[in-house]
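Take a look at this single chain in structure tokens; it is the form predicted alone.
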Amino acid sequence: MEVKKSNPGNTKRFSGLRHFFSGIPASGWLLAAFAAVLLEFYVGDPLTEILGLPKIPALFGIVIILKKPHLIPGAFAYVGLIYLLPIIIVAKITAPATNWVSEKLDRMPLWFSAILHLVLLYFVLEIWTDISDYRLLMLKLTLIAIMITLSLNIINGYMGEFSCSHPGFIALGAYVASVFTVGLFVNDRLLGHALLPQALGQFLFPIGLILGGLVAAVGALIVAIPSFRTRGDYLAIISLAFMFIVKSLIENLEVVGGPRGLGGQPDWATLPTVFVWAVLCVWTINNFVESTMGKALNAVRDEESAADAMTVNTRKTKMIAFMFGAFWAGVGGGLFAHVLRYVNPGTFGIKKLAEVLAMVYFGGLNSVFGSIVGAVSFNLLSEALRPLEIFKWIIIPVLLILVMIYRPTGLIAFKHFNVKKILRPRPGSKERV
């Protein structure tokens, strides 16, 4: 049998490129991204005129390329001049300073360093979305998609079951949060006059989201009691039935609009609000899967009978995980309803289930980082290919099939989300002030 040898030239070039960027910490990349979005904010419009582009590219020029192929050179030039070159140059030039700062932060509590990085990340996103309302809407929906993907990964990944009930949990959270805000703070045709002043509502909005999450968790308990007596296909069928029950129930409740849906939600799902909830979701879920309960969940997934023999309460562990995932799906649903300011039961059907499952399995099972990558990449890909219309739904499934063939567990599976390793300098960095 002939053994193919790897090309040493390609390996050497890849190693050299990796070494070139290895001394740059996360703060350096964030600082470089901040410089790039500032550059776009101030010189983006003049540059688009020079390059002959109709407007500033919303998604790094991909949409413009697909709509008008003759603008490909201008779109590539824009992305290179605004993003690629500034980010690489600024990150490399500031590497000694950012490594020095990272070493100082290394002596402080990890939470302090994480908050500083998150604040810088938020300002990058804030300036980037100031360019257009489309970017703002897409970013909010992507952050919510991260929350929903993570919540399903707890069940389908860490617990090892196959649940189809997530759109039902999202719907419960969306409608409960909407009824809370519209019923209490908005004069609505369906829910009547406001009971409380609207100025107070923004401060009580988190309570509505938590209520939505709690109702979704109760729904998960209703599913879990009969479902966990079964496994495999039977669990999938029961959870799928729950999704259809919730959807049908909402469609027949005229008090919340029935099949017409419910609108008029206040514009309280601002970027800071969605960003903070997304960060809380990532933090709590990462702590959950790294906790003793998370380790017990992995043991149940690998071999339930062995875990039971090792005194793990398998039924209680699965119940808690299922309800915990449903809670965050409900919170994500509440944010989703208030971002769109309208909610319709038709949104929470098979299509929504397919999208959430695709994000989970595309990113990777048993991985917080994989869920983030899956949600972001799937949403960006879906929006970028929108100009292709029907062909978009051919390309995306083909890509998913290829991922399932060559990476059956997803792009980044079974990988720990190590915050300390992400925020602090990489080993072997020689750059110092």
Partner chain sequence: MPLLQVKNMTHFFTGLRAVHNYNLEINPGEIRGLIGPNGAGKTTIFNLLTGVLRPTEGEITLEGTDIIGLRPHQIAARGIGRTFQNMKLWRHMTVLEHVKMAHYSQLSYGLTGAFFGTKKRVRQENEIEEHAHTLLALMDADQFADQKVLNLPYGVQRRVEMARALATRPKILFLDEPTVGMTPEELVGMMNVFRKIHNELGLAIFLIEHRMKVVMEFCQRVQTLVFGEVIAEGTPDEIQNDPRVIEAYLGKEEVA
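Quantities reported herein were computed from a predicted structural model and do not represent experimental measurements. Residue numbers count along the first chain shown, from 1.
Although it is not shown, the form predicted in complex with its partner chain is what the next lines describe.
Q: Scan Ile225, Met108, Leu196, Met310 and let me know which has any heavy atom within 4.5 Å of its partner chain in the predicted complex.
A: None of the other options qualify; the answer is Met310.
Q: Can you pick the one in Ile93, Val255, Ala306, Ile115 that has a heavy atom within 4.5 Å of its partner chain in the predicted complex?
A: None of the other options qualify; the answer is Ala306.
Q: Hey, of 140-148, 209-217, 286-294, 257-265, which bit sits against its partner chain in the predicted complex at 4.5 Å between non-hydrogen atoms?
A: Heavy-atom contact with the partner occurs in 286-294.
Q: Taking Asn298, Arg301 and Arg315 together, does each of them reach its partner chain in the predicted complex with some heavy atom inside 4.5 Å?
A: Contact check passed for all of Asn298, Arg301 and Arg315.
Q: Although its partner chain is absent from this view, report whether Leu71 comes within 4.5 Å of it in the predicted complex, heavy atoms only.
A: Because no heavy atom of Leu71 falls inside 4.5 Å of its partner chain in the predicted complex, the answer is no.
Q: Using a 4.5 Å heavy atom cut-off, state whether Phe324 contacts its partner chain in the predicted complex.
A: Phe324: yes, in contact with its partner chain in the predicted complex.
Q: With a 4.5 Å heavy atom cut-off, would you call Ile320 a contact of its partner chain in the predicted complex?
A: The answer is yes: Ile320 has a heavy atom within 4.5 Å of its partner chain.
Q: Suppose contact means any heavy atom within 4.5 Å; which members of 391-415 contact its partner chain in the predicted complex?
A: Contacts from 391-415: just Phe414.
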